[in-house]
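A lone chain, given as structure tokens: the form predicted on its own.
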Amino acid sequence: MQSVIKQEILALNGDEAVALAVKQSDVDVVAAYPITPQTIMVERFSEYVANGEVETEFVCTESEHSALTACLTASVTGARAFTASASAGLALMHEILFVTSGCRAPVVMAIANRALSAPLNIHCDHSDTMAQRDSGWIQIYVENAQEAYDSVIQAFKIAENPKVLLPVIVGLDGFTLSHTLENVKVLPDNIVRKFIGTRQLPFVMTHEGKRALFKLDPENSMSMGPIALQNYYFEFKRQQEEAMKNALEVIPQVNEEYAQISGRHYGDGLLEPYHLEDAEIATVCLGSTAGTVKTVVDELRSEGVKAGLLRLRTFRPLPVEGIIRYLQKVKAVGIMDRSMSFGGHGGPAFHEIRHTLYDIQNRPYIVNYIYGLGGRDTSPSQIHRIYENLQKIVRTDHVEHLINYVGLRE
């Protein structure tokens, strides 16, 4: 086992932590368009370029659609590519997200999660990335600036793994994390570069029957993303699903390898359990809210309440086996969604976790709590009330409201 590397502590907000991680990751191309609260990421990185601190080609495009297109085209030539966005910018990329994953281009993108309009709102919820959950991108949600830094570094290694070759979104809560200053431990540049390594391209068979590296190359011509009608399209999509399944193995491996050099790991890389060993009631959440929930769980534990938390670090691929393992003995589970699925009878995380647990014996009561839309604060006292409600469900053996809205004026 490798020894933990000595690290420098810097005061960084989440956006700056992302920019530094990209700087250290030996990225060939960064293409982006500014949008609040992501802008600091690419502003800071453009300073690295202007100061000659990196050899990256920086492209300031005319839109987010063009930014991701530039990253896609760079990636399929074998380059390492990064972009960043949020909210309406991510929505504008929608078409190219599907093209990027369909071409198996391992682009990494950081998203400072922000609400979608109308009405216009620049603060945090998860509606932007949840709207892209079926676009074929791996999705990682982080709790703090430290994890944002660590996850971007890990994302390149995950995305470029030959068993995966899928793009990765790293989501950090807008303003809550993107603009909040924290102490962040950072690894030396050479250690990060060694950890990620150079991009390894797999060999494929070309249409001429030649064995060639999987990239656009005039010397070994091939097509990526050509028309595929009824006779082939289905098979392409099935391959993407297999890549997602492979990611369920690769993400924990990368998480463990990173822990060996940094001393930091995030559960198994997919899920982070907190006091779930004997928990009778628990919540599930994504992102920065987990920090507040952990404090509430500690308070409840001091009062003798068997409370726990399961933080969902990866929403794609959904870690089904882990969710079942951690929650099958809990009596009541509250799924916290920071986005809505209008007309869908609950939020997206609620839908997926509830159906994951449907077939287990003695499944827990599963209740949805929608919270924090548009950046609305969710206080510890409100989270206490969620756990009180879960206790009442266990005590009465009855769910009064399946879908609940936390902190909403009604």
Partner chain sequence: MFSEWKFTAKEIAEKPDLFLSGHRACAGCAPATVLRLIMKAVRGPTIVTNATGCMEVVSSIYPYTSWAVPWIHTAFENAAANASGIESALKILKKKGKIKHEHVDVIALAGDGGTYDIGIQALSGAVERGHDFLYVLYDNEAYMNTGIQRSGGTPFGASTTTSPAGTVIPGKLQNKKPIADIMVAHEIPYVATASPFYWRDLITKARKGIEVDGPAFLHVFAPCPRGWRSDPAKSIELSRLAVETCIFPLWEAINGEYQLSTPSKVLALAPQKKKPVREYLKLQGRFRHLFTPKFEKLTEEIQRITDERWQRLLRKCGMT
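Quick caveat: nothing in here was measured; it's all calculated off a predicted structure. Positions refer to the first chain, counted from 1.
There is also a form predicted together with its partner chain; it is not shown, and the following applies to it.
Each of T56, L72 and K215 is positioned with at least one heavy atom within 4.5 Å of its partner chain in the predicted bound form.
Residue-level contacts in the predicted bound form: of I40, V27, I370, I353, one residue has a heavy atom within 4.5 Å of its partner chain, and it is V27. Between the options H207, R238, K245, R211, the residue in contact with its partner chain in the predicted bound form by a heavy atom within 4.5 angstroms is H207.
Not displayed here, its partner chain is kept clear of L120 by more than 4.5 Å at the level of heavy atoms in the predicted bound form. Using a 4.5 angstroms threshold between heavy atoms, N51 stays clear of its partner chain in the predicted bound form.
Contact check for L181: no non-hydrogen atom falls within 4.5 Å of its partner chain in the predicted bound form. Contact check for C60: a non-hydrogen atom falls within 4.5 Å of its partner chain in the predicted bound form. Only one of 271-279, 223-231, 146-154, 250-258 lies within 4.5 Å of its partner chain in the predicted bound form by heavy atoms, and it is 223-231. Within 4.5 angstroms of its partner chain in the predicted bound form, the stretch 72-106 places a non-hydrogen atom from each of L72, T73, A74, V76, T77, G78, A79, E95, I96, V99, taken in sequence order.
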